[in-house]
Ligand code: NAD
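Coming up is one lone chain in C-alpha cells, specifically the form predicted alone.
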Amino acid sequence: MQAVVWIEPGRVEVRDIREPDLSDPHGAIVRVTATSICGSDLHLYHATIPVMPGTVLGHEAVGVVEAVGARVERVRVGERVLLPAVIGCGFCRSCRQAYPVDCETLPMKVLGVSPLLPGTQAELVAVPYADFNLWVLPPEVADVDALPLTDVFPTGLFAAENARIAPGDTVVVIGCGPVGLCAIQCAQLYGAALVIAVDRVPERLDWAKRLGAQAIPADDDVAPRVRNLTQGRGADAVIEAVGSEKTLHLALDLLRTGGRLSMVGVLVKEDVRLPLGTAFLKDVTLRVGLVNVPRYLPALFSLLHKHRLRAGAMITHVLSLADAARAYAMFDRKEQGCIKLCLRP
C-alpha cells in the first residue's frame, strides 16, 4: 500500500510499504477515505519533535472498516468511521474517565509519531482497541465535515472550555490556523460577545473575519489595540493556539486582571520562560494540555447535526495522497490561502 513516510527534516515521500495485519483481536483495519495534515505534523516534518525515518505520518482520518478482530463487538465491517487523533484502550481507569491521553495500556497515544503506531496518511491503518477508538459516522455526514472532528474541533472546544468563557466575555485567539479558527467558533458557542483574532497571515485573518471575529495582524500594536477594544481592561480570556514563548508572553500581556489563559499550541521546547511575576500580579488562571478527543465528540456531532459548526468549509484544498510531498510544502509555507488540507488515497 501507499503511505506518507518521513525521510529527513523538510522531506516526506509516498512509498509502497507492507499492509498492516490484523494480529490484535481488539483491533481493526480501516481503509482511509480522507486524511489531513495537522499543524502538529509540521513539528515532525521539521524534526523539532524527534522522529525516526520511515515513520508513517498522520493522526486525522475517516474511512471504512475493512476487517475487525475476534473480540471487536461494536464496530462492523463496511461501516464508515472517524478515527480520533488521541487513542486509548478503553478499559483502564484513565480511559474510563475519558482521558485516553493518559492511557495505562498503550505506550503511544497518538498515531503517526512513531513506528510503534503508524499513522493515517496511508491507504490502510491499523487501529488498536477499535470499539473504543472508532466512531461510526451517520450517512449524512460527509468526509470533509467529519475530518475536522478528529482533532482540530475537539481541540478548539477544549480550549474554549479551559478558558471558562462566559456570556458577554471578550476573548482573544492567538493563531488562526485550523485550531484557532475552531476555537473562534467554540468561543462564540460559549457566548463570547467579542472574539479578537490575531495572526500574521492575511488569509487566515480573512477567515477569522468570516467567522465573526475582529481581526488584528500580529505586530507590535496588538496589545494597545486589544486594550482599546476593551476600554483599557484587557481580555477576559485568551486562547493561545501557536505554541511559542513569544505568543505565551503576548497572551499574558493581553489578559485583564483575573483573566484566564488557555494554551493548546504545541510547545516543542521544555525550557520556556513563563513570566510568573506578570501572572502573579494579574491573578491569572492558566490551563494547558493535550485534548482528550472522545470527551468532546458527542457534543460536536450534535452541533454539526444542528448546523452550528463550519467544519468542512475550512478544508480549502483536496489533493491526492500521491501528492503528499507537495501538500506538506504548501501547508508549511501557507501558500495559496491553504487553511486545512485533505489528502485522498
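Counting begins at 1, following the sequence as shown. Being a predicted model, the structure only gives us computed values, none of them experimental.
Not pictured, yet referred to below: the form predicted in complex with this ligand.
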Every residue in T155, C176 and V201 with a non-hydrogen atom within 4.5 Å of this ligand in the predicted complex?
yes
Using heavy atoms only and a 4.5 Å cut-off, determine which of L297, L290, A313, A47 is in contact with this ligand in the predicted complex.
L290
Listed residue (V266, V81, C103, V113) with a non-hydrogen atom within 4.5 angstroms of this ligand in the predicted complex:
V266
Residues in which of 234-242, 123-131, 67-75, 137-145 have heavy atoms within 4.5 Å of this ligand in the predicted complex?
234-242
Heavy atom to heavy atom, is T247 within 4.5 Å of this ligand in the predicted complex?
yes
So in the predicted complex, is this ligand close enough to G27 to count as touching (4.5 Å, heavy atoms)?
no
I'd like to check something about L319: if you look in the predicted complex, is any of its heavy atoms closer than or equal to 4.5 Å to a heavy atom of this ligand?
no
With the partner left out here, check for me: in the predicted complex, does some heavy atom of F331 sit within 4.5 Å of this ligand?
yes
